[in-house]
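Two forms of a single protein chain come next, each set out by itself as structure tokens; they are called structure 1 and structure 2.
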Structure 1
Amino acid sequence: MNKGGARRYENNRIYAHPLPLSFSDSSSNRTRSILGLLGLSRSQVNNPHCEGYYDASTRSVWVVTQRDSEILWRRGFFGKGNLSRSEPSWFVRQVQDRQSRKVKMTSEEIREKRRVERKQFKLDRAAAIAKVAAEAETIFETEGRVVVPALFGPEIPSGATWKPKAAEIEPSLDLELSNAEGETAVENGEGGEEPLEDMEHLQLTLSEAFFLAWNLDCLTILDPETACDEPLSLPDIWNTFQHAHLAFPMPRFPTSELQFDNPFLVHYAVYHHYRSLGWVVKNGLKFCVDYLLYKRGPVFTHAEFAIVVCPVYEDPQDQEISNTDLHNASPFTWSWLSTINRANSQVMKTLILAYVTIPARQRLSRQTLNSPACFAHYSVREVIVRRFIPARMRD
């Protein structure tokens, strides 16, 4: 098996479960076949029962144990490491940084290595140009001939000919990585270092946390403000996540009432819509959109679709009297749409405008917002936007 095939096999093994819930059946194949003909099954649902802490300042849920973090990431790609780009890999990077040889580099290390190499290339090129200029000046002073310093040639390194030197790159790379991560090592007389402590946690968005707690019942959200970190009930989670997007209550003023155009409700409606269709939904801030849709997950393929959430009020008067400033609720300009579409088309992503219809206040009572049953009154409509490129779309 070649290297690529072995890697795909390993990824398929590690990320075999699409959701944190798994099913097990200890019966024989014959028994399962007979029960399958009858439409029955003896499979048992295995619930991992993960735990997380709600953090109001970041509007997220922190999963601090390594066991729960691995389960939620490997089974559905939920959350991201707060010290990593996606998968929590800070501790692995620190361990590899302390080793004399690195078997496998993470994406963050590869990025830092490229930055250091580009920096070293610029320094070497500037030094070579300065050397040629000094030689031309010496010839002018000694021989009186005017020699124009060459900016290109065998003595001037270019992007195609320059090769990094291990002796120059590796020490500076280690220094850059240690400074970036803020890790200071204390050496003793034998050259040992202090034991590492995993300082990273998995950070879930409110939509991800509510999906795990409400739909899958595999996440318990704890309240760190209580004395014993008491778990929040589902009604408490529902109200807490909505109030997280409301205006901060002022002293001697009543708490803000729940609104139908709450950003949490609007974005969760889109998140739940695509998660229920089997897509892996991740944050799309890198590509100036709200969500990215992966068929299986970030470790398998790139995202195929980029989602922009566009709230639409069923009653236009609700938008005029609302004190919530929803992003993309007002008509956007064509220049903005063209910019977003072009940016995602260049990276082979299809732009989708997800229009979320917000129910009218006159049609529903405010008591409807007291439970997740209110999502029955929200609807999601999709509009695909493509760039017309004459050279590619003549057929």
Structure 2
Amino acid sequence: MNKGGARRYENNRIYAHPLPLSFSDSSSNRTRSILGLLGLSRSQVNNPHCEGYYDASTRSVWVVTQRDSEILWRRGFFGKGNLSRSEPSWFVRQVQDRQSRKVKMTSEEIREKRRVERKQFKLDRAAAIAKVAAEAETIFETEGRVVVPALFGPEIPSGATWKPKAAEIEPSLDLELSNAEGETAVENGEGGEEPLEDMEHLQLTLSEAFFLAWNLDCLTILDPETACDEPLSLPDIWNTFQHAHLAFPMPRFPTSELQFDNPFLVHYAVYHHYRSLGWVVKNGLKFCVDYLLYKRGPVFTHAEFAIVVCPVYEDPQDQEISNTDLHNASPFTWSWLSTINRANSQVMKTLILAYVTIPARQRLSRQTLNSPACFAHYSVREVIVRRFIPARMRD
């Protein structure tokens, strides 16, 4: 099996579950088939029962135990390590730094390696282009013949033809020696250094945390403000998360009323809608958008779609009297649309505007906001933005 195939197999094995819940059936094959004919089954739902702490200042839920972090990341790609790029890998990197032996390349290390190699590629290419240009100059001056110096060609390295120099051959000998040293050092308790403690936690956004707690019931959110870390009840979570978006995060002071255009409700509607269709929804800050949709997860392929959440008020008067600053509630300018469209098409993503309609105050009473039943009055619809180039659509 080649390296790519082995990695794919490994990824398929580790990330086999799309959600933290899993099913297991302990009955024998015969009972299973008999029950199956009747449309019944005895398999159980395994609920991992993870825990997290609500942090008001960062508007997020922190998952501190390593077991819970691993489950939530590996089954559905929830959350992000606060000291890492995506998967919490800080501890592994620290350990590998100390041992100076790379057992497993984390994604941060791969990124560093890729950046170093790309820098070298650019230097090589610039040198080759300068050389070709200098040759063309001398031809012009001596013979008077005009040869236009090319920017690409057989002599100039391109992305496909450049190979990194094999710089790893020499230090491998050193690695052999340091391996032996490193192992004994670990056995002796790091040779005098203090034992390493995992300082990283997995951070869940409020939408992710609410999705896990409300729908799958596999996350318990604890309140660090109380004396013994009491778990928050679902109605408490519902209120707290909405208040977190309203004003400066103060510990649950019901100073202002909740309204339909709360940013938490609007963004959660979009998050829930795409999660329920099977997509993995992650943050899209890197590409000027709100969310990115992955088919199976960031580990497998690049994101296909980039979502911008555009709230629409059913009653325009609500927008005028509202004191919530809801982003993108007014249609934005063409220049901004062009900008995000270009940025995303450069990285092969399709831009999608997800319009969320916010119910009008005059047709719904505010009592519906007391429970998630208000989601029945929102609606999510998407509009796909692409450039239309008539020169290419001619036939």
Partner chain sequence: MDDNLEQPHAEPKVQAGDDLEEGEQSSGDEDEGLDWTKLMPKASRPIIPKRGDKEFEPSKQGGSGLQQHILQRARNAMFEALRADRTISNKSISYGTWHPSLARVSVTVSRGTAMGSIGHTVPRETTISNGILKTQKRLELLPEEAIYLIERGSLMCWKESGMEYPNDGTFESVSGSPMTVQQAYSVMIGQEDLTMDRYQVYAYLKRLGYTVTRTKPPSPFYPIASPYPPSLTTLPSSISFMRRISALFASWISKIFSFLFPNSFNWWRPLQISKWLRVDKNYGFIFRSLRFIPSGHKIPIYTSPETKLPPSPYEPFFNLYKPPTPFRKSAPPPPDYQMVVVNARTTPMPSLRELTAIYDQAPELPPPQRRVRNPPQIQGVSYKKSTGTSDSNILVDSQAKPADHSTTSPSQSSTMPSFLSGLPSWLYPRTAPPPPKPERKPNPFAVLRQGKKTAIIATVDAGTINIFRFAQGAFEAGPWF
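Along the sequence of structure 1, residues get numbers from 1 upward. If you superpose the two forms and keep the largest set of C-alpha atoms that fall within 1.5 Å, you have the rigid core. Small disclaimer: the values here were computed from a predicted structure and weren't measured.
Student: Can you spot the form predicted on its own among structures 1 and 2?
Tutor: That would be structure 1, which is the form predicted on its own.
Student: Superposing on the rigid core, does the Cα of E117 end up 2 Å or more away between structure 1 and structure 2?
Tutor: Moves: yes, 2 Å or greater.
Student: Is the shift of A126 between structure 1 and structure 2 large enough to count as movement, that is, does its C-alpha move by 2 Å or more after the core is superposed?
Tutor: Yes.
Student: Taking the rigid core as the frame, does T65 move its C-alpha by 2 Å or more between structure 1 and structure 2?
Tutor: It does not, since the T65 C-alpha is displaced less than 2 Å between structure 1 and structure 2 after the core fit.
Student: Look at the Cα of R30 between structure 1 and structure 2 with the rigid core superposed and state its shift in Å.
Tutor: So the C-alpha of R30 has moved 3.3 Å between structure 1 and structure 2.
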